[in-house]
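Here you get one chain, nothing else, as structure tokens; it is the form predicted on its own.
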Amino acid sequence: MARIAPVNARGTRDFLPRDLVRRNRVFALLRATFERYGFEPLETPSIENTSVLEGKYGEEGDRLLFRILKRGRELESGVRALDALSLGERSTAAMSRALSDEALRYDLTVPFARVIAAHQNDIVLPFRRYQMQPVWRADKPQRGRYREFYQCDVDCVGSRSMTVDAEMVAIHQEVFAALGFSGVVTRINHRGLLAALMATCDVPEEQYVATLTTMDKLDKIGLDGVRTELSKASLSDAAVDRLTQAMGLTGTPETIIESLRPIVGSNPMGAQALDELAQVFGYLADMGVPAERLRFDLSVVRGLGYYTGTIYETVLTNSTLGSLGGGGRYDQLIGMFLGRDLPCVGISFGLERIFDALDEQELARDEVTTTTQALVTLFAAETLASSFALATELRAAGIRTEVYTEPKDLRPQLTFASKKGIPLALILGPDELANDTVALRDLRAGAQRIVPRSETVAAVQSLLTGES
């Protein structure tokens, strides 16, 4: 029989138990944080109608949708119909005839908007939800970027208050601090401010996208590099001067906001954006988020096309991994499904990139690599009933317990427990049974003591104190 190469599909990964133990701990931390802020869980199907997804992510996003082929007779019929076409016509026709009207979800935000519209009578507004599920993008795999990955979103629909926007940033900062990261900064901007800046700087509408794309490169190429690229983009010298003047402003967020008022304050959209940004930074101070973890950054653009207000991007300043999460206000997306706009703001956590960052900074790498807390040994057929009785008692007390699979000498059983990372071994051999005791070995410390059989559960719990 030919051997099949055990290779992953491009852009996907396997997660072994020791990986999932850590991932699940991070997921639990996220859930606990979200629920402390009053957010509730939500799940949506992996497959969505293409009519739901298309046109929400821009041209590039639509190109990255994983579309689903038709099957069975539908596909066969489409293929046969190609025979009547010329060679030049076949590629486009083949695509349209072979594809169904369904695709794997690209993100969690657009499906969330669909859910709000579909279940509007079952939801109490303002509605706060969090969601952690996999998404798929037909992207080019690279470091920190995968084709299949978990996304984690937190959203609030039904409120225009900037307190909610500030709370999103506070959640980002709380999670990253709890994970042990240092140098985490949330960069904050406003889509309305960017639009007003384009208008007041006389940037031609057809140059908006190219101009914003160049502004987004500030961290990589610096202000002089941005100026050079803008000069090549058919913008007037006056427009380039005003844009780079705005981008070069420094100081506290409050100082920059006031400095921008003479530039965009006469534009109603710009004035509103500056007022909302001032509120967000003020509320963040009220919430106790340290000022050094926040930055007002005019170069933050965010790639998705549905943002309408504040936008956020949280980065690890001492890493090259880029953004660990982002988000913003999107007050018009739900209206595409509902027929009327509903205010909404949310953030997303780049989970896979967060785990890469944890590896890079050697964080969250504790000694726990298995969910099992205790191994009960198995010596012979005569001890089997007692071993399983002990395991049952430990499990009833909430202790995650494994019984060795077959009778063996003690050494291989302890070796197995050590390799797997099980912290405790309970040795129950003929001598222990005769004395109504258990030998309790702490494999982490290399220590062992004899405890009365009746006190075993309490002794194990004592050793596990502080272990989650």
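Predicted model only: the values in this text are computed from it and were never measured. We number the residues from 1 along the sequence you see.
The following text describes the form predicted together with the RNA, which does not appear among the structures shown.
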Just one of P430, P41, P45, G38 has a heavy atom within 4.5 Å of the RNA in the model of the complex. Which one? P430
If you check T371, T317, Q142, T228 against the RNA in the model of the complex, which one has a heavy atom within 4.5 Å? Q142
Every residue of G350, K419 and R441 near the RNA in the model of the complex, heavy atom within 4.5 Å: yes
Within 4.5 Å of the RNA in the model of the complex by heavy atoms, the stretch out of 291-299, 134-142, 250-258, 175-183 is 134-142
Does at least one non-hydrogen atom of R63 fall within 4.5 angstroms of the RNA in the model of the complex? yes
Partner contact for R400 in the model of the complex: the RNA, 4.5 angstroms, heavy atom: no
Within a 4.5 Å heavy atom cut-off, is R160 in contact with the RNA in the model of the complex? no
Please determine whether Q151 contacts the RNA in the model of the complex, using a 4.5 Å cut-off between heavy atoms. yes
Judged by heavy atom distances of 4.5 Å or less, which residues of 217-234 approach the RNA in the model of the complex? K217, K220
